[in-house]
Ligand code: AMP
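Okay, so here's just one chain, in structure tokens, the form predicted alone.
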């Protein structure tokens, strides 16, 4: 909790007495607006450097949803001097998609960067339609088509890296769920960088060590206008329940989430990847040519069911 009349930790080292507006218990830092924004942006840069995500010579595509995380990431990378454009997929989820698209378009204008927009309804079908015709949950079908079109668009337009706004809360919730199930195949892939391989563009998560709350504060202080409500299909998702449980744990023991995640990366991830089994070899989908483990990829199978 931020104490009344608390002074900015960084300002105090410079002989200044500016009032702190944010307290980060896991870092034991009280910061004013200027130094919070600076701290956040430096932390993103430090994460990029730590995991060798990309350089300023590379062409980067940010997956933009209209939410705080993706817009904050786009803002930071632009300010840090990276060549980064946005990519928004219109999922066709009624008012939610209309609002999120508006936020993404307005923000692209604000920072004067290109925003590429792909409309699922013209490529395959909206998410509500895909949910109707498939036996899969909406979030599963959504994740499949988003990954497919992000990767395809990036390749077709000479982007070298795809950056997503996954934050520490996202990563820890997934890690917690995969650990409960001991899903080794997924645990092996839970790393902030997925290297380019066999038709897949390199994917990175520069916000992986920053909490959702920290990103929300940065977005507020940076005047970023983002969509504030969740996708209607996210209701009841197990990942949200995991987040709620982990948030209560974090409140009692600040730094637990970061410790859980960083210790996994340092201690368990290397062990899991010491003896790699022969992964199922990727081949080209015989219909679209995108990488797949089967003759026909998941998206082309969905297209067949839709009748596209």
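Numbering follows the first chain given and starts at 1. What you are looking at is a predicted structure, and each value in this text was computed from that prediction instead of being measured.
The discussion below concerns the form predicted together with the ligand, not included here.
Contact check for residue 63: a non-hydrogen atom falls within 4.5 Å of the ligand in the model of the complex. Interface membership of residue 74, defined by any non-hydrogen atom within 4.5 Å of the ligand in the model of the complex, is ruled out. Put simply, residue 202 is far from the ligand in the model of the complex: not one heavy atom of it is within 4.5 Å. Put simply, residue 164 is close to the ligand in the model of the complex: some heavy atom of it is within 4.5 Å. Annotation: in the model of the complex, residues 70, 89 and 150 each come within 4.5 Å of the ligand through at least one heavy atom. From the list 89 to 97, 151 to 159, 210 to 218, 189 to 197, the contact stretch for the ligand in the model of the complex under a 4.5 Å heavy atom rule is 89 to 97.
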